[in-house]
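Given next, in structure tokens, is a single chain: the form predicted on its own.
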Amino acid sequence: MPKSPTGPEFATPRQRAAALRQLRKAFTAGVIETGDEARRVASLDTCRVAHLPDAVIRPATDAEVAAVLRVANKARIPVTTRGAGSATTGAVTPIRGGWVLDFSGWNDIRIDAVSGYAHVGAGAVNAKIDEAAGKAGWFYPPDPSSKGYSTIGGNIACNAGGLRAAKYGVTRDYVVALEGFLPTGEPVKWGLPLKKYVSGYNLRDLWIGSEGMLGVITRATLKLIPRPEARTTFLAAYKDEAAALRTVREILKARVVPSILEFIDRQTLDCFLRKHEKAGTLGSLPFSVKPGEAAPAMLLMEIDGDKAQVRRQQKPVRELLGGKALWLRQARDEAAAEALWKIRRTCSQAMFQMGDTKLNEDIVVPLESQLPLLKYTLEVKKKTGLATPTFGHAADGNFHVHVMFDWDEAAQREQAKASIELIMRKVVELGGAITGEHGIGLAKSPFLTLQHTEAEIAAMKRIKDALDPNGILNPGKMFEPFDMWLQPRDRAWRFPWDH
């Protein structure tokens, strides 16, 4: 059997073919695809490092999921679970080949309007869950930027957060119960749709954030909360990052709890403006920058609650945001708010004005370390010559630090690698985390030892070995350092969210 550099032995191609023939006999409703197009779609995520699987399997029943895992575990065939493929770290790239277990069709959503629970399939799309909850007067707060595409199974696998995390928390805070399978094909339930449950070890939370390495999630029960009655949005511009981030501290010191507080640095906004200038759409923006004037840093803030609460908070929020601002805008209706939020939602794609390849690091630092981190990214930019546009969730310290470069330039690839290593070391030095919501996958695997001691990593490995003794689930990730900078990217591939 072939052996990965540091991982378990897996089946030979001949053994894999025999196992697939055996599996086909167990399938009556689901689909097993081995065509080139299906395999290519399942070969990569937003990280764009592609590796073809042997087959893409779309089970239709629990029995078929169990059969996949039983056969794969016995034959030692790698299995990688997948939803929409919106992960950003290579977490769903089937780097060891094998089978991709696609749950995008498990998208059922049932709202219990009395208990305030959402019972959902692993393939249910985040935004669709909140939409269904809203029709019953409930609210599902976690909202990653990919919410229009990302599935709840993937959200749970990386413990996704999003823009509202500062006030409402992350995915883990809303997962009540999980259903799924162990790598052996045995069905399990972690928790029940109950307010109280302490029976046995809390393996539910162990699966959350485990990136599909400890088990296969098929369904989840999610907690909902009452939907906010009202909200209002503000956009403020500042001469530099320091003025913007000092304003963040003033807001939080004043005990104002924004539902969203987003930071956009000058490099990011410059990309945004350049993109609109090329498209001839500068006039459509809800603000203007004079010709030759430098792009400002920005804060986007939303407050929500009941109508009286939102009305009461508006004056102090305007005073706090406007104190150091060059100017301040407040949306007067939903259409105006949407125009403001479009800035944040489209700034990521605008960064390609600075290079054709992007390294996106979702680091987290303590609030007092936000400004030192931003200053350091500018030092790295000066040292390496590569752009480091940064935006993110200012109220919880979760920043998306990017390094932009041209892939075909070998010198730039080396500088990009150096930039990320410098930034990751600085993050840990500042008491931060190398990932807040994207997970480790392939991209962050070289930095796991920066964050964790040998004893901590050894404990994680023992858990992995106990639950997945043959190492078939999502192998080649997290514990096996992967040199992302030597891997070609499928830059021609376009996902639905690339706009």
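Predicted model only: the values in this text are computed from it and were never measured. Residue positions are given as counts along the sequence shown, with the first one as 1.
From this point on, the text means the form predicted together with another copy of the chain, which you will not see here.
- Proximity of Phe479 to another copy of the chain in the model of the complex: non-hydrogen atoms within 4.5 Å are present.
- Another copy of the chain is not drawn, but in the model of the complex it has a heavy atom within 4.5 Å of His452.
- Although the partner is absent here, Arg413 lies well away from another copy of the chain in the model of the complex, with no heavy atom inside 4.5 Å.
- Residue contact with another copy of the chain in the model of the complex: Val114 places a heavy atom within 4.5 Å of it.
- Listed stretches are 373-381, 345-353, 100-108, 170-178; the contact stretch with another copy of the chain in the model of the complex is 170-178, by a heavy atom cutoff of 4.5 Å.
- Taking a 4.5 Å heavy atom cutoff to another copy of the chain in the model of the complex, the contact residue among Arg274, Arg318, Arg312, Lys324 is Arg312.
- This chain is displayed alone, yet in the model of the complex one of Val65, Ile472, Leu44, Ile440 has a heavy atom within 4.5 Å of another copy of the chain; that residue is Ile440.
- The partner is not shown here, but in the model of the complex the stretch 192-206 reaches within 4.5 angstroms of another copy of the chain through a heavy atom at Leu192, Leu194, Lys195, Lys196, Tyr197, Val198, Ser199, Gly200, Tyr201, Asn202, Leu203, Arg204, Asp205, Leu206.
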